[in-house]
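As a starting point, one isolated chain is supplied in structure tokens, in the form predicted alone.
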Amino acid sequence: MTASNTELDIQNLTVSFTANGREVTAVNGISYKLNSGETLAVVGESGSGKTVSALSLLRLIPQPPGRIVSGKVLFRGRDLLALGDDALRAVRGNDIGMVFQEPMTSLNPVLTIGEQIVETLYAHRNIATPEAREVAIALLRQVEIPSPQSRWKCYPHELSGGQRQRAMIAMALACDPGILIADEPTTALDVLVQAQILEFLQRVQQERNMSVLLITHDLGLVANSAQRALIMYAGEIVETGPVRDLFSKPRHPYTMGLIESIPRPGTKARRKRFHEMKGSVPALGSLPSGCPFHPRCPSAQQKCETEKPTLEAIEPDRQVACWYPND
């Protein structure tokens, strides 16, 4: 990809949190680009830093205890981390929309769904109340909420989980953003609703040529919707590449472990023992020396325990942070 079609350029982003008087690093010097019209997935277990990194792009982490230590987030040439509050508010929800992980806590419980969509329109558009109401109803219809003329008057608790998530997506799309950040957009939804929401997002992306940054732990979601992926572990990117290549030839042992942990239907899969990675993501304040993955890695050697690998290009469009990448 050339620089001309880069929508977001994240450079050396580092984020820390202070707890009990101690500062720990949650995101450690990550860099990547989101290109025009593509879906880029950021993948990792809970505690890997993927959500913190996404919230930091729009300075949405609580400060304090959070702190953006260093880095740049270039959106069409402007550094979002250097903008004033008013300028940044003009970007949030207008140029960059966000679907948060848990709609029940992200939506205002004392405002109707329609009021919250209209509020977004008022913030970024010079629009009259009757027109804003019609736009809100049209958005609810677009995200396939049944009976939008009546549902727009509902409060969040009166909607199902899937409908709340659709309402969040409608709010995020209200001002026709060029970028949509979707943080675990199908978590806690049943499989049918997940598929419907995923299909809808893909359709909207194609219609609007929108860029999507998909934050997820679900590799099945990645396989069906993203073109490229970043694999995060302990606050760092450990592997990047086209999704097709990552699935067919994972190079980092962590990526391989995630892929092997996906349940697969079929007779042979039922007979085979379910693969499970030992251990868990280390606490931010007690990272191991050397490679942070080495205590869980089946291929770890002595060098992995003492020397930390850096993210290096191993082939075109592929990077990996591993001393002994899988062949």
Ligand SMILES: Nc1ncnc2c1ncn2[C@@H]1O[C@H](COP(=O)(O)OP(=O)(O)O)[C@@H](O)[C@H]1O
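Numbers follow the displayed sequence, beginning with 1. Since the structure is predicted, the reported quantities are computational estimates derived from the model, not experimental observations.
The same protein has a further form, the form predicted in complex with this ligand, not shown here; the description that follows concerns it.
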| item | value |
| --- | --- |
| One stretch from 290-298, 43-51, 254-262, 29-37 that, in the predicted bound form, holds residues within 4.5 Å of this ligand by heavy atom | 43-51 |
| Distance check, L284 to this ligand in the predicted bound form, heavy atom within 4.5 Å | yes |
| Proximity of G279 to this ligand in the predicted bound form, heavy atoms at 4.5 Å | no |
